[in-house]
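Take a look at this one chain, the form predicted on its own, written out in structure tokens.
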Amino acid sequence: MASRDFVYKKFSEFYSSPSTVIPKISMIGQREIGFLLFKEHVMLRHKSFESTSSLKRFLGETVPSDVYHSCAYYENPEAEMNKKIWLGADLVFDIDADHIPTPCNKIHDEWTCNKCGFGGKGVTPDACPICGGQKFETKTWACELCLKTAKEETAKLLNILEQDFGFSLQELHVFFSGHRGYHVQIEKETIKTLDAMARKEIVDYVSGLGLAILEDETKDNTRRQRHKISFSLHDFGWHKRLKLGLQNFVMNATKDDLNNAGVKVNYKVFSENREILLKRCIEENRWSSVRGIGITTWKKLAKHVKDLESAKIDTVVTTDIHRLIRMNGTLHGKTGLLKVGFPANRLENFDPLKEAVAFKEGTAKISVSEAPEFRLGDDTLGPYKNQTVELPTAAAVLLICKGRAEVVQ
């Protein structure tokens, strides 16, 4: 209780401070605003505000652990869902390390089935392998590799949206979520009235799902016709992405890369014929020009490249036209870090563990059960195990929010 009160106090100080500014939210009066309350542990929904200043006053009085706004615009945002009258919605993408398998997942992420108690490490499954239960207690961490991987997926998404869909970088609003990933939001008028099915088509494209060129051929065609018709790359859309991806793969692939792609070829032949593979096979679509590397191999490589080039997004977020998304400039209840917006062209150099720190003054004494080495701001801290330490406020809040520490009174 003391730890929760400590975090509550810090959140209260943040939202009550005159120096705290909630960035302007477009058409805020037509959006539903939602809050997760600290003490009651319940969701307060169907609220609306005419301005960010009135919203900030409410935050200072209520002190929620998390703040959300709808991607949708409504005629009556405070009404029940069936009476709100949907007017449109922003196009939103969520990239989260939770959905991206990385080597570090198996080190610092744990899950336990609420139904039978079985647990494991790594990405939380959709269903418990023992009892089929679908509710889990999770213990996660956002390490540098997690955040780097999420940033790489975000960069791929931005490239697809700019190069293939024609959005300008200025139209792509990018945010660090405050935890383990990024949000990309588009408010352009031409996309606001897209229904869920249309958004599903965008999701499929971004994810590389349903690419006809990678589907198995029908048995009705002759072998030569199948190869010619089903695997010819041009310079547009996913064809271009596959071509460029294959070129990069051929020029740089190691023996391990080929194994990871699931292909069995003579690596010496592959390595000694890289230039020929580029020119004859990829550029001229003569896929069987090098003995031992035929159409079947190229198909497998293309599928592997598709996985490398596609963006790993949370598909449900994008297709949900009523979705609530975390509000920019507010604190994340699982970390105490800020959701932070920044220009798309700053993604590569954006440092979430420095630029999303909200609590920049003071220290706190905490008892840490277990925490890996981590960086926050300019400080590298840990590892800790069953230790009492005095840490910067931001680090103390982070560890308490992650369930790895308690405040020492």
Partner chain sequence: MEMTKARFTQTDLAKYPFLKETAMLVKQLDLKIEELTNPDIAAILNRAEERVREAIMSLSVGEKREADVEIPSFPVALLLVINTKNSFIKKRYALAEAKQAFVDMQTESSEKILLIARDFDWNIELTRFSTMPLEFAISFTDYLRNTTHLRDKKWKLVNRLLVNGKVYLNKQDVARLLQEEVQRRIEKRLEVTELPVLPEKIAEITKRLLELAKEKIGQEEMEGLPKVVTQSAFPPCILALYEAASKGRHLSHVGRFTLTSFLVNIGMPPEKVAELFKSFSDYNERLTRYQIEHIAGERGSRTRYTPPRCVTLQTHGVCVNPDVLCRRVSHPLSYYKRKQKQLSSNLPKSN
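Positions refer to the first chain, counted from 1. Being a predicted model, the structure only gives us computed values, none of them experimental.
A second form of this protein, the form predicted in complex with the partner chain, is not displayed here; the remarks below concern that form.
* To do: Could you tell me if all three of Phe167, Lys200 and Asp320 have a heavy atom no more than 4.5 Å from the partner chain in the predicted complex?
  => Checking in the predicted complex: Phe167, Lys200 and Asp320 are all within 4.5 Å of the partner chain.
* Asked: Out of 280 to 288, 248 to 256, 186 to 194, 331 to 339, where are the residues with a heavy atom within 4.5 Å of the partner chain in the predicted complex?
  -> Result of the contact check: 186 to 194.
* So, in the predicted complex, is Lys264 in contact with the partner chain at a 4.5 angstroms heavy atom limit? -> Outside the cut-off, so no.
* 4.5 Å heavy atom contact, Pro77 and the partner chain in the predicted complex -> Because no heavy atom of Pro77 falls inside 4.5 Å of the partner chain in the predicted complex, the answer is no.
* Flag Leu209 as yes or no: does it have a non-hydrogen atom within 4.5 angstroms of any non-hydrogen atom of the partner chain in the predicted complex? => It does: once the partner chain is placed as it appears in the predicted complex, Leu209 has a heavy atom within 4.5 Å of it.
* To do: Please check if Gly237 has a heavy atom lying within 4.5 Å of any heavy atom of the partner chain in the predicted complex.
  => Answer yes; at least one heavy atom of Gly237 falls within 4.5 Å of the partner chain in the predicted complex.
* To do: Report the residue, out of Glu215, Glu275, Asp126, Asp307, that has at least one non-hydrogen atom within 4.5 angstroms of the partner chain in the predicted complex.
  => By the 4.5 Å criterion, the partner-contacting residue is Glu215.
* Asked: Considering the partner chain in the predicted complex, which of Glu137, Asp204, Asp314, Glu152 comes within 4.5 Å of it through any heavy atom?
  -> Of the candidates Glu137, Asp204, Asp314, Glu152, Asp204 is the one lying within 4.5 Å of the partner chain in the predicted complex.
* Within 27 to 49, the residues that have a heavy atom no more than 4.5 Å from the partner chain in the predicted complex -> Contacting residue: only Arg45.
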